[in-house]
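First, one chain by itself in C-alpha cells, the form predicted on its own.
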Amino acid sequence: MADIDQLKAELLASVEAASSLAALEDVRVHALGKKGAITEQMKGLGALSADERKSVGQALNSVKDAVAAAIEAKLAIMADAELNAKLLAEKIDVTLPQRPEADGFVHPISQTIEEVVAILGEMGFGVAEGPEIEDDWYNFTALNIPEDHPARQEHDTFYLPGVGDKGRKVLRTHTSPVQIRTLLKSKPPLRIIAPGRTYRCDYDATHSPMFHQVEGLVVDKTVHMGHLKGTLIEFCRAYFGLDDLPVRFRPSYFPFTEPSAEVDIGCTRAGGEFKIGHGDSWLEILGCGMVNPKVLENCGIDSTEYQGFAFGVGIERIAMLKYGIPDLRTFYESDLRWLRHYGFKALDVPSMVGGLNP
C-alpha cells in the first residue's frame, strides 16, 4: 500500500508540474494510458489473494480517480489561461482611427430609394410599409386582377402554403398590397408611397427574382389625370436632374387602374451612345393610371365620392439609367469592387435642399 501512496503522490506532482497542454497529455498517457503506471499495477492484481486483490484494487481505483480529476482540473485552468493569452494577443484598440480601406459605401439601390423618397416627400407623400409575404387577396383580388391573369400563374409568382378566407400566401409581386392595406385602415384623403422588395420568377440581365419598387397612391375627392401627369413629369425631371426632360404618356392597360398609361422619357442613341434628354427616341420607365373604382370599392371607399391615381417605378431600372449600370444582376453579386465604384458615401444623403447626387 505504501507503494500505491507513493505512486499517487508522484503522479499528482507530475500533473501539478505540467506547464503546457502537451506536457499534461504526456502525464495522462504515463498515468492512465494502456501502458501507464496505474494500468501496469492493475495487471498484477490477478496474482494476489482475494482479500489483497480487493483492497489493492480499491486503492488503485482511488488513485486513478484522483489523478484523472487532477488532470481535468489542470486542463480547465490551462485552457482558460491559453484563451486569455490569445485574447490578449489579438486585442484591438478601438480608439485607433479606422483604416482607409475599411470605408463603407451606401448601395445604389438604397441611395436611389432615398432619392425617390426625397423628391416625392417634398410633394407631400408619406412612406407606408407592409409585409413581403402577402395573402393572395391583398396581392391580386383586391387589385381587380382576375383569376386567369398571367401574373397569378405558378411560373410567374412565388406561392407559399396558406389557409384562411383570403387564400394562400404569396411573395408579393409588387408593393400595391401596401396601398390596399393603407386604404383599409385609413380614410381619404391620403397621399403615400410604398418602397420595398418584390418577387417574381424571372432572371436575366434586366430582370431579377427579387427586385425593388416604389409605388405611389393619391386618393381624394378632386384628383384627376392632370394631377397624375404633373406629379410624374416633375418627379422624372427632378430625379434625372433635367428641367426640360421630355416626358410623354402612352395609353396602356392595368387591371387596377382605368385609364392606364405608360410613361416614357426622351433619349438619344446617336453614335451608339445612350443619353437621356432631348433626342429622337423614347424609353419607358414606369406605369401609372387613375385608380380603378373597383379597387376603391374593395377597400370600402365610395368610388362615387372619391377617386385617385397610382404609379409604380422599378428602383433598379431607374438606378441603372441614371448611374450607367449595364447589368441588373451585379446589384446582388456582393462584389466590393463594384460597390466601391458605384456606391455612395454614408453622408451623401439626398435632399431637395442639399441636392440629389449626380
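The first residue of the shown sequence is 1; numbering continues from there. For clarity, every value in this text was computed on a predicted model and none was experimentally measured.
We do not show the form predicted together with a small molecule, though everything after this point is about it.
- Proximity to the small molecule in the model of the complex, defined as a heavy atom within 4.5 Å, singles out one entry of P195, P188, G287, G130, which is G287.
- Residue-level contacts in the model of the complex: of F254, Y138, F125, F235, one residue has a heavy atom within 4.5 Å of the small molecule, and it is F254.
- Contact annotation for the candidate site: R200, E215 and F311 all lie close to the small molecule in the model of the complex (heavy atom within 4.5 Å).
- Of the heavy atoms in H174, some are within 4.5 Å of the small molecule in the model of the complex.
- Stretch-level contact check against the small molecule in the model of the complex with heavy atoms at 4.5 Å: of 267 to 275, 176 to 184, 86 to 94, 107 to 115, the positive one is 176 to 184.
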